[in-house]
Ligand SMILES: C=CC1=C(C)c2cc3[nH]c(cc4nc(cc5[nH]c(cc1n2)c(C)c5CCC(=O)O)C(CCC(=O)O)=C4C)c(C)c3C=C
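To begin, one chain is listed below as structure tokens, in the form predicted alone.
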């Protein structure tokens, strides 16, 4: 029985999104947001304390949409309160984006490094973010352009994501749930802002927000959701748009099964199947994100790999496996083990056959086509690994797309609720509630710049500190761009 002021009413939550090892507590509660932890009970929650004293009611036009009704409000319900005459469902796919031609590389990199979720500066240095992004993008653009040139002159990510959107729309129609599917990229066209304009123009009344990252991270899904939150708050039409977010879906049975299908198919191409090392390569994140900011990415990634390898074993393939992290930038410590170091270690241990599995990517892009297929394959051969294979990205794999369609349909009843399975680190819910719940467990990252002061007056100390801060940030930018430790070289130069 859930309590709302003086009135009580039992409201049953719909079935949980995740199919295995999950359960929800019946009832929606306005008593605050749940703590995000393994023992947290999934609940539907009112957004804030102002909604206490309201009763949950399901609208006649949309029986699976939860709305809050104040029992003390004696005004007659408006037409809007009765629910829209036409219920139009939309799905917003969120992705990273990528330069479509070589001229796009530098502005794309600028957008990437101008994101405060990617390069995190102390509050006093926020004004330097554009300068830092300019320095890093300028220095990194030539090398990045070489990589994009090697895979055809640009990223295929937009084309593949558009194909995924069309396939998802077709699957939803086939399942009896027509929906418009939109693509919103974080750092390149079509930008998230562009997608939202289309959503408003099309009159969408219920929106499911689906990041195309299986695992949640501050730097991927989190960055896109922060942007969406600010856009929703600043736009009157979006502020009233009923929506829900699926923050991660790595544990869905359909996704796990689709990944196992691809792995088994590639394993069978080797002559000595039992000797093949399954090498899961995931995109890395700074270690501080996990240890000091509460990013659930590492835990979700490890759980994802466990689920997939268990499924592969159920199919009769008990191959050993390794999880490593690629694409680190700069001298800061990122999640370990690193992909390049792991490949060398496996070679030293005598591994001769390796099957690379790009685990955090559902679309082919530069990190699969150039970094894994070219750089890491060459490194593997140099390390003594003679037989190499690579599992393709899911792209428009039918089982994968159909499972995403099921996820969308299962999420629709949660519009306006905060809910999730007991083993989910980030619950299902609307933007504000979800991010509030995540922030409850999130600690602020420490400043990456150690400040100090010198001088004889307070004014001199202040300006000396500012000058030192700017100098160090510029050095950090150069280190991030070059991958070399400039400070170390200066200190130990002969």
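Remember, it's a predicted structure, so these values are computed and weren't measured experimentally. Positions refer to the first chain, counted from 1.
Another form exists, predicted together with this ligand; not displayed. Remarks below refer to it.
Classification of the binding site as open follows from the superposed pose of this ligand in the predicted complex: not one of its atoms falls inside 2.4 Å of a backbone or C-beta atom here. At a distance of at most 4.5 angstroms from this ligand in the predicted complex, none of the three residues 246, 249 and 414 contributes a non-hydrogen atom. From the list 127-135, 199-207, 276-284, 168-176, the contact stretch for this ligand in the predicted complex under a 4.5 Å heavy atom rule is 276-284.
Taking the partner from the other structure, this ligand in the predicted complex has a heavy atom within 4.5 Å of a heavy atom of residue 365. In the predicted complex, this ligand sits within 4.5 Å of a heavy atom belonging to residue 113.
Using a 4.5 angstroms limit between non-hydrogen atoms, residue 140 touches this ligand in the predicted complex.
Contact annotation for residue 329: at least one heavy atom lies within 4.5 Å of this ligand in the predicted complex. The contact with this ligand in the predicted complex, taken as any heavy atom within 4.5 Å, belongs to 109 out of 391, 324, 407, 109. The contact residue chosen from 213, 400, 182, 376 relative to this ligand in the predicted complex is 213, the criterion being a non-hydrogen atom within 4.5 angstroms.
The single residue of 296-311 lying near this ligand in the predicted complex is 297, the criterion being any heavy atom within 4.5 Å.
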